[in-house]
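Heads up, the chain below is alone and in the form predicted alone; it's given as C-alpha cells.
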Amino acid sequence: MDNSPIGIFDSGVGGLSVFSQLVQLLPDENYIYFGDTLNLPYGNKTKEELIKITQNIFDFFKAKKVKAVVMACNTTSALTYDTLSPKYDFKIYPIVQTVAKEIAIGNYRNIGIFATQGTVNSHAYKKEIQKYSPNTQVFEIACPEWVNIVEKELQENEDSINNIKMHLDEMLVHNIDKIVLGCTHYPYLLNILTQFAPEELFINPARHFAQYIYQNLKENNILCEEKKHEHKIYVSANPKQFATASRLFYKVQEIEEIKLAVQS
C-alpha cells in the first residue's frame, strides 16, 4: 500500500473530468490537481515548449512526493510522454496511449478523433490505435476553439454552437462508427454535440482512462490504505476564474485549496 498522493494535471479545468472519474472509483486516495492556467491553451504550443512546461509540472509533483502522475492532458500525453517519462521514478499514466489501446479493442472500422491542433499534428491517436488495430481508419480533426468555449463558458453562444456543428458535420461524412473526444474539455460539449448526433456515437476517454488507472494501481498494490483522504487544487494563474469554471466539472465544495504554484 502507498498513501502518497496521485498527481493529475491539465492546462485548465478540463482534466477535472478525469479527476472526478478517479474520485468515484478511488474515493480513499489523496489527490493533487494542477491546472496550468498560465499556459492555457496547450494545443497551439510547440513540442519544445510543451516539454519544458510538462517537466516543470513533473518536478512540482516530484517535490510533493506523489506516487503517480496522471497526464489528463491529451496534448502533453501525445507530445511529451516519450521524452520525459524515463526521467522520473513515479508511475506516469498518459491518457492518449492508454485510451487508444482500449479503443482499439473494439475493432471499429472508422474512428473519428476531435482534438487540439497539437494532438492532431502528432497523429498520436492514429498511431496508437492502428498499432493494435491496423485495419481501423482514423480520421482526425482539430477543434482549436473548443477549449476556450469551455473555459470561458461560451457553450450557449450561437457562434460556438455553429463551430461545433461545423466540425461534427465535417467528421460525419466519413461514415464514423465512434468519435473520440480527444481533449478533456470536449466531453463538456456533449450537450451540444448530441443535438446533432446520437450520444452513443461519442467516447469520453476519461471513463476508460480512470478504469485503467484503478486496475493498474490495484494490480501493483499501491492503493491508499487510509480512509482520511485529501484533495488539493493548484493553478498557475487566475485562481478565481478557475474556481468559477470548475463548477462545470467538479463539486466546488470538495476543492480544498486553489492557489498559485508552478510558473512555467
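Residue numbers run from 1 along the displayed sequence. Keep in mind that this is a model prediction, so the values were computed, not measured.
There is also a form predicted in complex with D-glutamic acid; it is not shown, and the following applies to it.
Among heavy atoms of A124, none comes within 4.5 Å of D-glutamic acid in the predicted bound form. Contact check for P205: no non-hydrogen atom falls within 4.5 Å of D-glutamic acid in the predicted bound form. D-glutamic acid is not drawn, but in the predicted bound form it has a heavy atom within 4.5 Å of Y42. Residue contact with D-glutamic acid in the predicted bound form: T80 places no heavy atom within 4.5 Å of it. In summary, the region of this chain contacting D-glutamic acid in the predicted bound form, judged by heavy atoms within 4.5 Å and restricted to 181-189, 84-92, 132-140, 156-164, corresponds to 181-189.
Counting a residue when any of its non-hydrogen atoms is within 4.5 Å of D-glutamic acid in the predicted bound form, the hits in 1-39 run D10, S11.
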